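Below you will find one chain, with nothing else, as structure tokens; this is the form predicted on its own, and questions on how it binds or moves follow later.
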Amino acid sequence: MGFSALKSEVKHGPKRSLTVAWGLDPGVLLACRQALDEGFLHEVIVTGPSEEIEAMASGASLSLEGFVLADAETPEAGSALAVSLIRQGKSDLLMKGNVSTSTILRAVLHKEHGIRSQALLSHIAVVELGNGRLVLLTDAAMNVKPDLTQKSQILDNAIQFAWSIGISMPKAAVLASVETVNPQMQDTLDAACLTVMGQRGQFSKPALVDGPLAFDNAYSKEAALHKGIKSEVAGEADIFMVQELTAGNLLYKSLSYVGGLSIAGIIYGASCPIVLTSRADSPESKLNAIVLACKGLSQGRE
């Protein structure tokens, strides 16, 4: 199953309302326009200064049919308003516009008015491999140096999201620089602990977890066999879990820029998936991220 199949499923599913926090971003507006035109959404609410948004759309020759503009004077106010609409059930999905990630996350995590649903929020990238299969990479954008407790939540978030987009009994590879447990390398110890947690059924949904695995062994069954590694996950991983942000970010950008693979990302752990894109992301990537959020929400509410 690749992004094309996912789009087909979403197009024939329930249509969602999406709210963009501080929507002064023509690339984001274009992705939302495409999502409306292709039938993934029925409404887009955009918070921010209405006159500036209208002028930006006009300059980009973008129709605002199907858009609702909700006035806000600052990025902070726009983020708070967007989160409030989700919290009140007036919109289904949240998307980051031209606002810093820290600003929108402050609104999401607000103790009284936020929409956190899990102990920890984490970033999940979905990558379409050359054979058309979708795999997950986490965490490449949020948690810098998580401890074992945080790693278990990051992995649990990814397992939940994998199930929500149709990947049943996901196989999760906990990555490290080596595939053997070394008491002097904390990442290998944590990977071994997460593997045992998976065997003991300690995650919220079933999954096959194995680690530590180096990336080559997790990605290639031939590489694993060459090293004598016997694993149900090696070469068939649905989830690649890195153990700190730098490694995840480097892998994410390598797969995108060097590998030329299609990638889309969301934040998981709130009451709805949060579409988090970069201005450098392609229009296709932004649209794919919206589709992912729609699919994840639809499955989660069935």
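None of these values were measured; they are calculated from a predicted model. Note that residue numbering begins at 1 and tracks the sequence as displayed.
Just so you know, the form predicted in complex with dephospho coenzyme A (COD) exists too; it's not on screen, but the next bit is about it.
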Only one of these stretches, 176-184, 221-229, 195-203, 140-148, has heavy atoms within 4.5 Å of dephospho coenzyme A (COD) in the predicted complex; which one is it? 140-148
Can you work out whether dephospho coenzyme A (COD) is within 4.5 angstroms of a heavy atom in all three of Ser4, Leu36 and Ala289 in the predicted complex? no
Of these, Leu245, Leu251, Ala57, Val68, which has a heavy atom no more than 4.5 Å from dephospho coenzyme A (COD) in the predicted complex? Leu245
Scan Leu121, Val127, Ala72, Ala162 and let me know which has any heavy atom within 4.5 Å of dephospho coenzyme A (COD) in the predicted complex. Leu121
Could you tell me if Ser152 has a non-hydrogen atom within 4.5 Å of dephospho coenzyme A (COD) in the predicted complex? no
Heavy atom to heavy atom, is Leu105 within 4.5 Å of dephospho coenzyme A (COD) in the predicted complex? yes
Wondering, does Ser84 line up within 4.5 Å of dephospho coenzyme A (COD) in the predicted complex on heavy atoms? no
Consider Asn98 of the chain shown here, and say whether it contacts dephospho coenzyme A (COD) in the predicted complex, taking contact as heavy atoms within 4.5 Å. no
Within 4.5 Å of dephospho coenzyme A (COD) in the predicted complex, counting any non-hydrogen atom, which residues from 3-23 show up? none
